[in-house]
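Two forms of the same protein chain are encoded below as structure tokens; each is given separately, as structure 1 and structure 2.
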Structure 1
Amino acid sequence: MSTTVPSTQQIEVEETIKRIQTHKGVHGFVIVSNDGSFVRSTIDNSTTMSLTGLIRTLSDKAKSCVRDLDPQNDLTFFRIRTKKQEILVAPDKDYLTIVLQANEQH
């Protein structure tokens, strides 16, 4: 009987998912690999596709802006806050993680 051993990347993805799901107000998330394949999503397919395309474009532009300002620096995280929700984005060397969460008004 053969058993499959999870790769380091699979373990990292599972740990990230567990950490995301424990945060208060999280509505959903998308994890997509940098080659464009979807790893995991908890939101509907249509929203996943449009959100990922738009956020990937914005992330690429933000990365470029950070490098233009300081060539030895790199973008690690950004947040978009709207009246209704927050979009948290963590571009990584292997994955793009997008989290949708409630915008807590104080």
Structure 2
Amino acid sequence: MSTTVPSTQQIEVEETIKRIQTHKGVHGFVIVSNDGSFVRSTIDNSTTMSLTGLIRTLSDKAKSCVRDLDPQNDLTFFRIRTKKQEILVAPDKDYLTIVLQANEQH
């Protein structure tokens, strides 16, 4: 039971999350914590599990690649554009945010 009143920053972030979820073309939104448990997800459980596992390995690899090239650098964001959709990943210190957006049909 959360008894703390959410701070203004938390409220803002929640609103931003809401806006992202209702953005044009977005059909999936997942937040995973670093120990593997997913905090928020708008897609079904099994897909989320596999997605997070795979994305996490990729994210770690990308991050180590960036940091090996220059230790002072760090990975902030990466996108995977596929035929059907685009996967946007934002790795963080504690969490990993994944958004699935449909490709723009030009």
Partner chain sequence: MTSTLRSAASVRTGISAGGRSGGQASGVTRKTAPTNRSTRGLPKLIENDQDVTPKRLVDPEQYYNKVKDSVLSNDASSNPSETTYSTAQPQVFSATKSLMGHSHGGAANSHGTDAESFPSEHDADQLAQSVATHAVEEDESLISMDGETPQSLLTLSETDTIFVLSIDSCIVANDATDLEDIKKQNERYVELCKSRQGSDVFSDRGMNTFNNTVKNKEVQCERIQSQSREVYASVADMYDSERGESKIILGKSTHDKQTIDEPLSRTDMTRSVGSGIDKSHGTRLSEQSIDETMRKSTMAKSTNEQVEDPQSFDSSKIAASVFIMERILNSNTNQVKQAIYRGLTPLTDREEKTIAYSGLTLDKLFAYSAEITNNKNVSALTWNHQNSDLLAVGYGPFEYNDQRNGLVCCWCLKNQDFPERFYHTPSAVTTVAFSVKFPSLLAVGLFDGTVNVYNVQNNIDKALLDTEEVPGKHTAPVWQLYWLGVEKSRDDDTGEVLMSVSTDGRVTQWLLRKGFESNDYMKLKRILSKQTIQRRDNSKEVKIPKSENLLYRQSGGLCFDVCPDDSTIYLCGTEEGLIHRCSLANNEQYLDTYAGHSGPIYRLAWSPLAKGVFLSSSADWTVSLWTIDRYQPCITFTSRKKPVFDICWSPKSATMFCCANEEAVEVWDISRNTLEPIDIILTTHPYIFTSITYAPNSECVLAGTNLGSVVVYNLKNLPAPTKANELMEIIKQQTHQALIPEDPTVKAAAAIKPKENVPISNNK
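For numbering, take structure 1's sequence and count from 1. Just so it is clear, the model here is predicted, and its values are computed rather than measured. We call the rigid core the largest set of C-alpha positions that still match within 1.5 Å between the two forms.
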Review point. Of structures 1 and 2, which one represents the form predicted alone?
Key: 1
Practice item. Classify L88 as shifted (yes) or not shifted (no) between the two structures, where shifted means its C-alpha moves by 2 Å or more with the rigid core superposed. Key: no
Review point. When you overlay the rigid core, is the Cα of T16 off by 2 Å or more between the two structures?
Key: yes
